[in-house]
Ligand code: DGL
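Presented as structure tokens, the chain that follows is alone, the form predicted on its own.
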Amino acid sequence: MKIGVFDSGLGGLVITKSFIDSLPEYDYLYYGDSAHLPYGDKTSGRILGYTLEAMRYMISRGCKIIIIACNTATSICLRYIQQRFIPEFAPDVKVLGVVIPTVEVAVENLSRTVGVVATNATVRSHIYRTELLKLNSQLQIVEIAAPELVPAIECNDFAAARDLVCQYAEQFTKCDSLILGCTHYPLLKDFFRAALPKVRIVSQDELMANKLKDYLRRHQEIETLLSRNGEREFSVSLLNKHSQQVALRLFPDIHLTKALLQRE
């Protein structure tokens, strides 16, 4: 049984790499829905439909635990998947998101003002605001949507991304911590840190591996079922030369394959 990682595109490869570096013995399946990127400008209904399709595919490929690395899909779909879909479709599978582990780290060090930069859909859901206030009701929260960042990253235009980061950073100068609330944004963390030297940048690639390791330690009923052959499979819904180039930038020596979804 594999550890699955799902993202709306290829940004989740950054988190997958952190998992593999920290827990190399397990088998992994990565699935990126590159055909429908970006999720951040889609309706909630479309995002849910795409995410459910991904869950069916990954479960059919033997994933015992699935991490939805996409912040947008986490914010829109995770509760429905955990409470409705999984109990009926695959009750022995666990599906986790990235939001709660991220906010737990963001409120450390007595932060009083926390910023969130994310996609339109994630900001619209206010999931980060909701979860942050559960941990500290006195927090001041600044939420800003940055819809141009993911297309810049997926187009491999990091010069444009750096300029955009500098523009967005101006709105977070008074924050103690800033959550990079999109799986793609760890690729821009150095730009954010350069633009905001006094703000603690919370990047999911730096925290999710430890969170997964801790989860598996506490849930031996899952950990003992995971296969340990060191196998990795990286699949996408749309395979072309561009996606291969982006994947190689994120994860050297990677080999992408075309996912054969059940609808096909």
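Numbering starts at 1 and follows the sequence shown. Treat the numbers as computed from the prediction; the structure is a model and nothing was measured.
The form predicted together with D-glutamic acid (DGL) is left out here; the points below concern that form.
Colleague: I'd like to know if I66 sits close to D-glutamic acid (DGL) in the model of the complex, meaning any non-hydrogen atom pair within 4.5 angstroms.
Modeller: Answer no; every heavy atom of I66 is more than 4.5 Å from D-glutamic acid (DGL) in the model of the complex.
Colleague: Hey, in the model of the complex, does V150 get a heavy atom within 4.5 angstroms of D-glutamic acid (DGL)?
Modeller: Because a heavy atom of V150 falls inside 4.5 Å of D-glutamic acid (DGL) in the model of the complex, the answer is yes.
Colleague: Applying a 4.5 Å heavy atom distance criterion, does A54 contact D-glutamic acid (DGL) in the model of the complex?
Modeller: A54 lies outside the contact set for D-glutamic acid (DGL).
Colleague: Just to confirm, C182 within 4.5 Å of D-glutamic acid (DGL) in the model of the complex by heavy atoms?
Modeller: Answer yes; at least one heavy atom of C182 falls within 4.5 Å of D-glutamic acid (DGL) in the model of the complex.
Colleague: Choose from 194-202, 54-62, 222-230, 37-45 the stretch whose residues reach within 4.5 Å of D-glutamic acid (DGL) in the model of the complex, heavy atoms counted.
Modeller: This holds for exactly one stretch, 37-45.
Colleague: Pull the contact list for 107-130: residues with a heavy atom within 4.5 Å of D-glutamic acid (DGL) in the model of the complex, in sequence order.
Modeller: T119, T122 sit within 4.5 Å of the partner.
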